[in-house]
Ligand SMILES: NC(=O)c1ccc[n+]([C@@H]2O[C@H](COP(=O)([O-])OP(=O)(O)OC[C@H]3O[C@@H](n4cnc5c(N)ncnc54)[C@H](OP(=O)(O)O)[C@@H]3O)[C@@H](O)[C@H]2O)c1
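Presented below, as structure tokens, is a lone chain in the form predicted on its own.
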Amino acid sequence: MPSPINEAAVLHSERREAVLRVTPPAALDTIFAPIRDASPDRSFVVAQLGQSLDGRIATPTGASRWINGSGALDHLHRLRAHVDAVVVGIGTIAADDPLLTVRRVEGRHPVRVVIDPNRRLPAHARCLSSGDARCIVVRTSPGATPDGAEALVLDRHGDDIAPGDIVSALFQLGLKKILVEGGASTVSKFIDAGAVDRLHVLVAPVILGSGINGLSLKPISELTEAYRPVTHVHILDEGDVLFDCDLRRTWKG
């Protein structure tokens, strides 16, 4: 019979093996089934957020490349390839200037949608320079738009445009499967508004110790008010961990 020390060593070894087991690509493909099989009668919204182990999306200076590894980036591009439109806030354009196209995997480019209520989108933004897909700028007033973009004018509610209004307007344009890619403030607002069906959180094995926080939702008083989504966990290449959260289903703690 093994000694307590040896038994503990065996348990530690088994736990380590489980932690290091990478989900094979074939199994990862099932993650996209809810998007592929979504009803055409309503919008389906998936949001994604990449962060460190301590919940940071950037350093105090705003540097965020590259917190997540190549496996997480591949996953993000697969998400883009499965949706009709990818939505970002103007802050993401200012910080990262992303193309928002599909390049790391096969698939079609989604329509790029930039939430820009105060008309801050620069004419040199890279999402405008590629003719591979449409670029829609969501604004609160009509007027000239940069070359390569088309305007979608919606009402302002307080300081923002309501996420539900954005989702509904995109649905009317035939854009039914939507990825809310960033930044953290935009993702948080869509979750707070109840506009997200699925949340993908990609956690990198890195600790920043300081910096910009990830999700920031409305405060709660009791743990009974917390989100407890049914969640599946997958380990990607290079150690990133994907939490696939179904925000329409909860478990009881």
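Remember, predicted model here, so these are calculated numbers, not experimental data. The first residue of the shown sequence is 1; numbering continues from there.
The same protein has a further form, the form predicted in complex with the named molecule, not shown here; the description that follows concerns it.
Screening 105-113, 84-92, 167-175, 144-152 for residues having heavy atoms within 4.5 Å of the named molecule in the predicted bound form returns a single hit, 84-92. Shown alone here, residue 132 lies farther than 4.5 Å from the named molecule in the predicted bound form, counting heavy atoms only. Contact check for residue 124: no non-hydrogen atom falls within 4.5 Å of the named molecule in the predicted bound form. Although the partner is absent here, residue 194 sits far enough away that none of its heavy atoms falls within 4.5 Å of the named molecule in the predicted bound form. Using a 4.5 angstroms threshold between heavy atoms, residue 48 counts as touching the named molecule in the predicted bound form. Annotation for 97-124: interface residues with the named molecule in the predicted bound form are 115, 117, 118, 120 [heavy atom within 4.5 Å].
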